[in-house]
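Read the single chain below, which is given as structure tokens and is the form predicted on its own.
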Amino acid sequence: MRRFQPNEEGYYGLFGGAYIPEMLFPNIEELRLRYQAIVGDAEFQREFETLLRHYVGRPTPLYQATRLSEVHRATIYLKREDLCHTGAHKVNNTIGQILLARRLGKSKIIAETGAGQHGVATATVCALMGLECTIYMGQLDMERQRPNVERMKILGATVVPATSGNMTLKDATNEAMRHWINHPRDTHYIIGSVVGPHPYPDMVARFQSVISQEIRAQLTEQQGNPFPDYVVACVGGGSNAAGAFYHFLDEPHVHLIGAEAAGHGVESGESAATTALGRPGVLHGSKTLLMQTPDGQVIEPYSISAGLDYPGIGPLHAHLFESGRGQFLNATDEEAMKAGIELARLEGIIPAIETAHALAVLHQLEFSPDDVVVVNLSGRGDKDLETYIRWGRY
């Protein structure tokens, strides 16, 4: 899979690399030099797989959504990452990174979070391993994801509000980076998506690749063929999509569809549709596609979904878009909310609003009756009930 894997400098085609301050160089270099050997160690893999199975609840089901399939006139499966412990795919990565941090001798963990699911997953594994945990979260996101804030606190984490910028995920990431610069020796930063300096995008994608590994095995069992025609996933930074795409990257007959957040409309000035609006730039330690002004200042993103409210995408996704290997569509707030309610009414599953964007773009695709489509149901909607209630049209 070398075409869609990073080179030694961490570049996926034109995108990636490590653009970091000098104070962080020892940490990033330690990770770059050691993580593959640690992750590849048989004992690490045994511990990782045991926790995924007995703690996280893997493998997650691949559910054939019969009534949703009738609407779209194709065979649609839902990969039920919403059934993971903590309610989303994020825990796959935090399990892997906490095991890595422990082997690196780190005693403190920091993380950023938008929708709160990565923060909850990080707080969860820190409690499991007995490590000190600090989570940075935008003040706006803390208000709209209050249940997740309380879950983090119950699990023993310190939640620090980010009050700069538009007080969302980008700003939380900025604050976490600043913390790490000031505490490089004893602290590991568990980045929650396929963003950041190399080797983070590669590392997070590998930990999340269990999703596509299971999809292949489950489709073989249910369809007699490991390859779907389409894999669809929402993209903010893009960790759930990277995990769902990973084992299909070099299978060109499998269409990879990313769903971004259009907010109030791509051209409204309130959007997070990076592939439609972005151009190459550097954000949070890597070169990627980035929403920015002509002089390079980051444009504040907007989405009703806290987890997609990010002005860039991971460098893997930027490469998939630039190379044409992936197709990136977008859905507005309204379209996503309607798609979330549609799934609830058709299948009895209330999805996270992030996931609802992936469901919304199904309406933009034309399927053949014999097409097999897998939608990565990346999270459950418990955390978003207040947003559904405020939207109110159900």
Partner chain sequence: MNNRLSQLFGQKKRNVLSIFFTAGFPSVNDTGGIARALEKAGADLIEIGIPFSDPIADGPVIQQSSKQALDQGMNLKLLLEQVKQLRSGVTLPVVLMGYINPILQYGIGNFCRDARAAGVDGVILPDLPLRDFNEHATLFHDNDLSVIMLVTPATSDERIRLIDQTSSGFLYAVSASSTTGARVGFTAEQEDYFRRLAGLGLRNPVLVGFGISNAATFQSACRYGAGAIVGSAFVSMLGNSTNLEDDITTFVKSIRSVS
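Residue numbers count along the first chain shown, from 1. Treat the numbers as computed from the prediction; the structure is a model and nothing was measured.
Same protein, other form: the form predicted together with its partner chain, not shown, and the subject of what follows.
Proximity to its partner chain in the predicted bound form, defined as a heavy atom within 4.5 Å, holds among P226, P161, P199, P184 only for P184. Taking P147, G265, G296, G156 one by one, only a single residue has any non-hydrogen atom within 4.5 Å of its partner chain in the predicted bound form, and it is G296.
Contact annotation: D370 falls outside 4.5 Å of its partner chain in the predicted bound form, judged by heavy atom distances.
Using a 4.5 Å cutoff between non-hydrogen atoms, V282 counts as a contact of its partner chain in the predicted bound form. A residue is said to contact a partner when one of its heavy atoms sits within 4.5 Å of a partner heavy atom; P61 fails this definition for its partner chain in the predicted bound form, lying far away.
With a 4.5 Å cutoff on heavy atoms, K170 counts as touching its partner chain in the predicted bound form. Annotated contact segment (heavy atom within 4.5 Å of its partner chain in the predicted bound form): 286-294, selected among 286-294, 132-140, 247-255, 80-88. Of the residues in 12-35, those that come within 4.5 Å of its partner chain in the predicted bound form through at least one heavy atom are, in sequence order, A18, Y19, I20, P21, E22, M23, F25, P26.
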